[in-house]
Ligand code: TRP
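Encoded as structure tokens, the following chain is the form predicted alone, with no partner shown.
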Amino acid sequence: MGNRRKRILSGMRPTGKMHLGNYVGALENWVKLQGEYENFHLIADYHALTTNPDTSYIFENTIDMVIDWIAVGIDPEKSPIFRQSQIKEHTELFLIFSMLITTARLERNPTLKEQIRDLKLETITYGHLGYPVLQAADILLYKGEVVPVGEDQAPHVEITREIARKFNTTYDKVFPLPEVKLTDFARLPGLDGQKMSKSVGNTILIADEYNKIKEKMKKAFTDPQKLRKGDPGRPDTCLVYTYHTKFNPDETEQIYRDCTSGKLGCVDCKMKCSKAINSVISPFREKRKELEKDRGKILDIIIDGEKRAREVAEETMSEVRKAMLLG
């Protein structure tokens, strides 16, 4: 038991092809953690309904997303990949957990308030208010002990801990209290300096070809005071320099000096950055092309992951029902 690896539950809504923000904020970290932890990777298709009840896009988006997950290095043999909607125990545990938390507590959730603001919502559904409870069910159904998230998601993990504590004290000790593992580079801004989002059109996709990357980078936000080559720049305020720090770290010191002195112009800097980004994602892009040739195989991988995840979920729910004297 002492040598057992701690368990992680990570997931995303099925949004289709992944962009650099997804890679930097989550996928890169998931790949690194594979050898250190026991990982489960959730396709959060029920969560997608909290802000959009249309389900017509979910299946194709799921396949596209999983192709990118595998292309960047997620090994489904080590880390089961599965759809939330296909493991019915998620909804059962969500229902039970919803009895253990007040609406007032959910209304205080700062991440929910941020979502309402960003999406400009005037009203929200019961499911949207309660989605941190569903997220708690997602994590605790697999007895997740570590949750890798950005700082903006940390309040959700705290709600999960509260619910686990409440269940354990009300019934019996079934669940661990999961710990937050903050992602090193949690949020990569979009090309306009705002939050990266495909709906806004400010992304670079993992699937983008080199010419497409260069075309998109030409429009990237830079220091507004640096109008032409020769003008001294301020790298610390420049989005392109932020990208360099992630995708081109070996050259950042020289780029910083050349930008501040005016030796390096923005066009040349953007092309350097495009090349660096392409060098990182080109192996993923090539693997993605191979995976796309057999989308049926991707579905088989997901179904296999669901079988393995279901075994764990059923075992947990058996413990839950026993603790509650319900079976």
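From 1 onward, residues are counted along the sequence shown. Since we're looking at a predicted model, the values are computed, not measured.
As for the form predicted together with tryptophan (TRP), it is not shown, yet the points below apply to it.
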Heavy atom of residue 147 within 4.5 Å of tryptophan (TRP) in the predicted complex = yes
Contact label in the predicted complex: residue 47 to tryptophan (TRP), heavy atom within 4.5 Å = yes
Is residue 183 close enough to tryptophan (TRP) in the predicted complex to count, meaning some heavy atom within 4.5 Å?
-> no
Might residue 13 be said to contact tryptophan (TRP) in the predicted complex, defining contact as any heavy atom within 4.5 Å?
-> yes
Tryptophan (TRP): the contacting residue among 82, 167, 131, 243 in the predicted complex [heavy atom, 4.5 Å] = 131
Which listed residue (202, 153, 109, 98) meets the criterion of a heavy atom within 4.5 Å of tryptophan (TRP) in the predicted complex?
-> 153
Answer among 54-62, 39-47, 262-270, 290-298 for heavy atoms within 4.5 Å of tryptophan (TRP) in the predicted complex: the stretch 39-47
Heavy atoms within 4.5 Å of tryptophan (TRP) in the predicted complex is the criterion; list the residues of 131-147 that meet it.
-> 131, 135, 138, 139, 147
